[in-house]
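In structure tokens, the next block holds one chain alone, the form predicted on its own.
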Amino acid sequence: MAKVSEQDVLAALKDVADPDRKADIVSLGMVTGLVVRDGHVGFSIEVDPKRGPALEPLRKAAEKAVEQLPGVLSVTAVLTAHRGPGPHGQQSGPSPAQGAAAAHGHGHAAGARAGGEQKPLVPGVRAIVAVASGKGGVGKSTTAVNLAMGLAASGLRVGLLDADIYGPSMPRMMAISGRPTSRDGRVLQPLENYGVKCMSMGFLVPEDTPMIWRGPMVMSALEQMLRDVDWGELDIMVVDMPPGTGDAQLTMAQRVPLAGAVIVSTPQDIALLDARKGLNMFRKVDVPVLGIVENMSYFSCPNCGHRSEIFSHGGARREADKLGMEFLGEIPLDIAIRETSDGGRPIVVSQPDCEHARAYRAIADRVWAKVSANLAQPQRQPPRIVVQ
């Protein structure tokens, strides 16, 4: 197979012209963040924010131009906002370097307009709740999908956003395949199963394709999955966050008025240490922490019923008490939860009367009770994040 290079990609993109500026996007300096690895290509196209909605055809043309190159297995292009020169040749907004610095905690919230006012990314969504953890492997995605199912079981209009750009799992866990469609060539229609609308980077790239992206591209992709998707009217959106406290978490905290965060941890000390970091990050950016869930809390043998506390037990409850947080509940380590998740049949919908499904629904009911109480309060403004 032919090996594609960065020069090959740039040469192909020189055939793609900006319709208004009458020159190719490479010569205009619009192509940034180009990454080529093992046949997989990713890059950003910087555009003026005011033109962004009208340039979806340009993005698609750029992807198509690169897809035709020998050796290319996949292409992902995203539009990123770039402000044009202001008076006296000065930039009217942050440069790409400044935008990246803001994403890492330096400067003001990304995308803020004069006076701190922001245009809502998802105006039809009443509340957005992030499901987060300080580390991977604690069952955060399983918790997020079953939390969404539990909320939908209560009759709520629910959306599920897979914000884990590097490791999207919702297509498999929701048993959804295919690519989103668009009625106008600009706004995507979310895919749906079990009565829940869903969007994931996993719908846009092959399952085995690595996302080799830097922070600004991750931020742009997240904003597009919020802004450029027809979510419609929802009571609540559950966001499955990636592990850690990096770009994705800051983007969500800065650009979306989160109604709260649910922290997922396993009981052992090392997991709780990382969960505490995630909890403190949300506190620092003024996002309410709705509570902590202890996952893999214990194991009951399906044959003899003997209970083993493989990862210890009760650590998350003690941590919640110590930090003044609500303990939302415990979920055991059980093969049925694993099998239904891997099979795209979340246990809340496939076995709704079992003990584990009832536990998830109880957590969902408590989350909605706290969120709905907060909806009557003034909307939280995205924070200014400044590193001293």
Ligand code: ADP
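None of the values given here were measured: they were computed from a predicted structure. Sequential numbering from 1, following the sequence displayed.
Keep in mind the form predicted together with the ligand is missing from the figure; the text below concerns it.
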{"item": "337, 66, 348, 328 - the one with a heavy atom within 4.5 Å of the ligand in the model of the complex", "value": "337"}
{"item": "Partner-contacting position among 321, 355, 38, 342 - heavy atom within 4.5 Å of the ligand in the model of the complex", "value": "342"}
{"item": "Per-stretch contact check against the ligand in the model of the complex, the hit in 288-296, 195-203, 153-161, 182-190 (non-hydrogen atom, 4.5 angstroms)", "value": "288-296"}
{"item": "Exercise: residue 171 in contact with the ligand in the model of the complex, heavy atom 4.5 Å", "value": "no"}
{"item": "Non-hydrogen atom contact residue 138 with the ligand in the model of the complex at 4.5 angstroms", "value": "yes"}
{"item": "Residue 333 within 4.5 Å of the ligand in the model of the complex, heavy atoms", "value": "yes"}
